[in-house]
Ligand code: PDD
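For reference, the chain that follows is the form predicted on its own, supplied as structure tokens.
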């Protein structure tokens, strides 16, 4: 349960944590966010997450609300005040509040920042990984800058809802050419018959996943071949294995796509191997 939320310089009780009615994040989705895993009270890959947060702010020309050092202090306080040992920390930065206008607010408008931490039952992800998840494919109707981690997530929300309605845990977006871009809240991977790991290359079509980057590091340390290239849905149907990566799922095996089994329909050895290796490769820092 979340007890304390940091909002614009103050630590507030959860029921009292609020932002202005004309905050641009609320009215225009003019905001970015980050999610960091908390494991045994420590942050996983914080440096990469803060670097991505900074990049998202630069791409939208939103001023940073504070330095990385100050933000790490806030994150640590939020984790401690909520007594979180295992879970996530969520950060959101908006362009700030002002009279509703499509034009950007005056220079000097203070950005809004919210930081919260939430506990999750330790081991839930590992239990899910033992059986794997199902994927539902959805036409990709998102905007053209998916590389920026904005709060403009309505297509992902609707895709997730459609996936769950069909008994799947995650959705994969399919572009106009029949290629897999990424998941609604994860990066998508397949393993070829030859044992190569394949994931969509970085670019405007996908989020540069932090977990994706660390999994690439882990794969290379394990001597595995990684191909950052486009792959079609048909190739995914024929894949030896498939999995998704994200801060909450780590490495999650995919056992069905649109009702069709992937490989033998069970979590594969490559996904298991990378999942086991992940936290040995990721940066682990104090909260």
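Here the structure is a predicted model, which means the values were calculated and not measured. Residue numbers count along the first chain shown, from 1.
This protein has a second form, the form predicted in complex with this ligand, left out of what is shown; the following refers to that one.
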Taking this ligand as it sits in the predicted complex, is residue 248 near enough to touch it, meaning that at least one heavy atom pair lies within 4.5 angstroms?
yes
How about residue 256: is it within 4.5 Å of this ligand in the predicted complex, going by heavy atoms?
no
Does any heavy atom of residue 138 come within 4.5 Å of a heavy atom of this ligand in the predicted complex?
no
Is there a heavy atom of residue 216 no more than 4.5 Å from a heavy atom of this ligand in the predicted complex?
no
Contact residue in the predicted complex, chosen from 212, 95, 200, 169 - any heavy atom within 4.5 Å of this ligand:
212
Just give me the single entry in 115, 133, 163, 184 that has a non-hydrogen atom within 4.5 angstroms of this ligand in the predicted complex.
184
Heavy atom of each of 6, 12 and 81 within 4.5 Å of this ligand in the predicted complex
no
Can you pick the stretch from 201-209, 117-125, 71-79, 96-104 whose heavy atoms fall within 4.5 Å of this ligand in the predicted complex?
201-209
Taking this ligand as it sits in the predicted complex, which residues of 136-154 have a non-hydrogen atom within 4.5 Å of it? Please list them.
142, 149
